[in-house]
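Consider the single chain below, provided in structure tokens and representing the form predicted on its own.
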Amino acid sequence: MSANSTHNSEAAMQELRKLLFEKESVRLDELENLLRDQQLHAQEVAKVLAEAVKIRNLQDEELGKSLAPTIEKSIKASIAKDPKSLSDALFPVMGPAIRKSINNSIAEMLQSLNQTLENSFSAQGLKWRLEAFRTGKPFAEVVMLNTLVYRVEQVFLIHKETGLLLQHLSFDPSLDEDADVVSSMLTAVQDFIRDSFSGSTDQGIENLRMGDLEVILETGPDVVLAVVCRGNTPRAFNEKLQTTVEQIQQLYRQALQAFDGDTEPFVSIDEHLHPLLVSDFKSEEKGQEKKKSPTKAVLVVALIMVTMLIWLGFEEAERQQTQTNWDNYISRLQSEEGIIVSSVQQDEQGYTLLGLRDPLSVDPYSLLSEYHIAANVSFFMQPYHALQEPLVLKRIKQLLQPPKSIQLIMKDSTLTIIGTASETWLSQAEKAALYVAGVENVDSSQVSVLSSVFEDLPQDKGIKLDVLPSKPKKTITRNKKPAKKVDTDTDILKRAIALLNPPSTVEMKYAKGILYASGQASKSWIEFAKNNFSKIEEIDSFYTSKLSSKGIK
């Protein structure tokens, strides 16, 4: 068989395979791409991941144990990176717990303070102080131990979800018979009150009182600890109940969650409940009642009130001083030239000032420290040109850049120029000054103009007239002193020759405001002469028709 026939057979076979197995081939390619492409494989796994986790959790707790180290590392990394995010997430849980702890601490402190005030200045109080010194205990603790009268009669540990009694201890063994009934009653009362007032399942009753008898309830995630007390228990006892519930939750968590009615796993829990059966009694002789004088307590309360009044007075004085400083600062700004305060706003962030400010006026920020203002102050000042004479004079000096031999005075809208300057600078200054807002007239009669056009010129910085409009808005009034001598045509020609310095090949003449030049000169000199002849006031025109530059470089 020839090679051509073989090739045709293979091509026909390939075409047949394509017709018979095209769909299967496409599917195989898709599966191969799915296994090789990690992103596609991850997308497919993501579709069933949630359901797989759910099914695995129903089978056993191995998934939770496997994820625990990873979750712990993630939490540590999250805390190290941004503690605020985790604190915000725990806020709904930690907030109530912290507030409850603070309330208990404050109530305990007040209770201790009341007992201390009642007994510190009596004979019994001196006796207790001696006992505190002898035993090394704080005086407040000694007062609490000698004045509080209470007894814990029963302790109930109840399963929260089922309401069944897990353990019961009592001061009187005869009370054990009705423990289950009391436990059911407490559960029913809590459920009734919660349902009646639409309370949350996480909320519960904290205490019940009937006369001298009080039931204190401390609720955990899986248990409710109920303590029946007779008398007034100290606030520290509530913290002891909280600690006990936390210990039980930690040690018996799995047994509590798997509780099915069998109390056998909780037999050893007595060692945590027995410390709660405490009592404290104070014996007094019958018929003896000590009449406590309120004088000392009143003095102490009065002292506290005086201290509070002094503190409030100091706060008020500081507030008044701060307000006075702020008022003085605003008055100072309003009196400053070039500053207009139109509005002062105050909010939680600080103060906001609105108004106008000339760029040449004093910086408002620089005055804050002078008036000891530490508040945050924001300025929204629109720029404008003030017409107060000191600011107008500053603006003129910035524009004119006068030489050291010139003094500028601004008064009644008139700029007075005094001193010595060149004709060039004075002419430019007279024109430029009238562009400044607030200048209505320029008096240059006290200026001595240098006789030579070259004197003082190197020292003049020049005025940037090119940034100004082509014509001033006002008329220039030049009040110069009358000339003592009128220059002749010959004098004017001499001044022109001195200014232009023509070469020897050029002849110059002057007549009736016209300067004539004839002869031969370089192109550069001719251009120089055309640009500078107008510096001579008497020369209006410059004729160069008879002036040639041929043959001269």
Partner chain sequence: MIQKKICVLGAAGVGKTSLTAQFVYSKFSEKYLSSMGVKIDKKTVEVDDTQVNLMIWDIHGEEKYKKIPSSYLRGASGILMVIDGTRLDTVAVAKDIHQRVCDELGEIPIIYLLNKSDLGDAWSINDNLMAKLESANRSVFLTSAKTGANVEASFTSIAKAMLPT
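Quick caveat, the model's predicted, so the values are computed rather than measured. Numbering follows the first chain given and starts at 1.
Only in words, not in the display: the form predicted in complex with the partner chain, which the text now covers.
Between 271-279, 157-165, 376-384, 394-402, the stretch whose residues reach within 4.5 angstroms of the partner chain in the predicted complex through a non-hydrogen atom is 157-165. For the candidate set P173, P138, P221, G261, a heavy atom within 4.5 Å of the partner chain in the predicted complex is found for exactly one residue, namely G261.
A single residue from the set V306, L299, A437, V181 has any heavy atom within 4.5 angstroms of the partner chain in the predicted complex; that residue is V181. Annotation: in the predicted complex, residues F533, E537 and I539 none come within 4.5 Å of the partner chain through any heavy atom. Within 4.5 Å of any heavy atom of the partner chain in the predicted complex lies no heavy atom of E389. Heavy atoms of D191 reach within 4.5 Å of the partner chain in the predicted complex, making it an interface residue. Although the partner is absent here, M185 lies within 4.5 Å of the partner chain in the predicted complex, judged by heavy atoms. Using a 4.5 angstroms limit between non-hydrogen atoms, E316 is distant from the partner chain in the predicted complex.
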